[in-house]
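Just one chain follows, in the form predicted on its own, and it is written as structure tokens.
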């Protein structure tokens, strides 16, 4: 009976996996097809098994728009948020987990409460604030508001609270202060949570669309998600080119996850992320 249950379970999981993989596979295969065949073959087996393939769609993307600039913008903005966020949120999580100071519990409760507020609820007030500061159409407006993240602080807190205190006590005996203890003792022993936060932050902001659309109007600082939306409206409508653009948009996400998946899985287990 257990064998049959396992077979049924794997078949169901395989079917669900195909449902999620099919759109990505359709996009990947479509990026190598002639434009006229992408939708024409969508309802047949040729949608996933083309008779001929070509890289022409990728060349067309680079010839029609400044894709290199959009890729640089997305990489610079997202990696800046990730790097600065790891430092700021990591220090904040450590301060809540290990340091004792007045008002710590109240401020931490406020941070937890902020996790339930959707970004769309504060997008308009934030937009007017950034406009008042004169930051529109800049990298700053796409980076600074997202460095501090309540969920990231919470993940760091839950991981740091479980680390043995003996590590820090030994460092303090040697004369290390809080900052030195954090960077030389805590950080090297917290690679899983740093990888987890880095991947989640990268995934969130790499695909960010609403905010960049609100605060950018020119191409100079336009990221990929907004660029592909604009690209889809450029005449002539060529679905092969759009698929190729989508593949190049998704590829960095897959690379980042494959590089850090081991630490990500350990971090998820250690911090207790659910869902």
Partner chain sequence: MGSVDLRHAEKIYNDNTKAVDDVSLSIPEGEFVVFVGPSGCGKSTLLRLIAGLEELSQGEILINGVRANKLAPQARNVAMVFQNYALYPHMTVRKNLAFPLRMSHLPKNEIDRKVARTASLLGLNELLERRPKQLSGGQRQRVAMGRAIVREPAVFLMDEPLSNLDAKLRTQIRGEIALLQRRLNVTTIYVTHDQAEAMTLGDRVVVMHAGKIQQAAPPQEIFENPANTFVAKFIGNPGMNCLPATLRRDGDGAYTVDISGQPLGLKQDILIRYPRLDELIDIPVLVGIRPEAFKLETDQSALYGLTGEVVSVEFLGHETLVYFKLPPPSREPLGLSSEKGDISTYQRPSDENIAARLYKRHSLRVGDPIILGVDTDKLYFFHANGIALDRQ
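Positions refer to the first chain, counted from 1. Nothing here was measured: the structure is a model prediction, and the numbers come from that model.
Absent from the display: the form predicted in complex with its partner chain. The rest refers to it.
Interface residue among 84, 126, 176, 114 relative to its partner chain in the model of the complex, by the heavy atom within 4.5 Å criterion: 176. A heavy atom within 4.5 Å of its partner chain in the model of the complex is found for one listed residue only; from 131, 189, 138, 158, this is 189. Here the chain stands by itself, but in the model of the complex one stretch of 161-169, 116-124, 145-153, 84-92, 161-169, has heavy atoms within 4.5 Å of its partner chain. Not displayed here, its partner chain is approached by residue 185 to within 4.5 Å at the level of heavy atoms in the model of the complex. Its partner chain in the model of the complex comes within 4.5 Å of no heavy atom belonging to residue 102.
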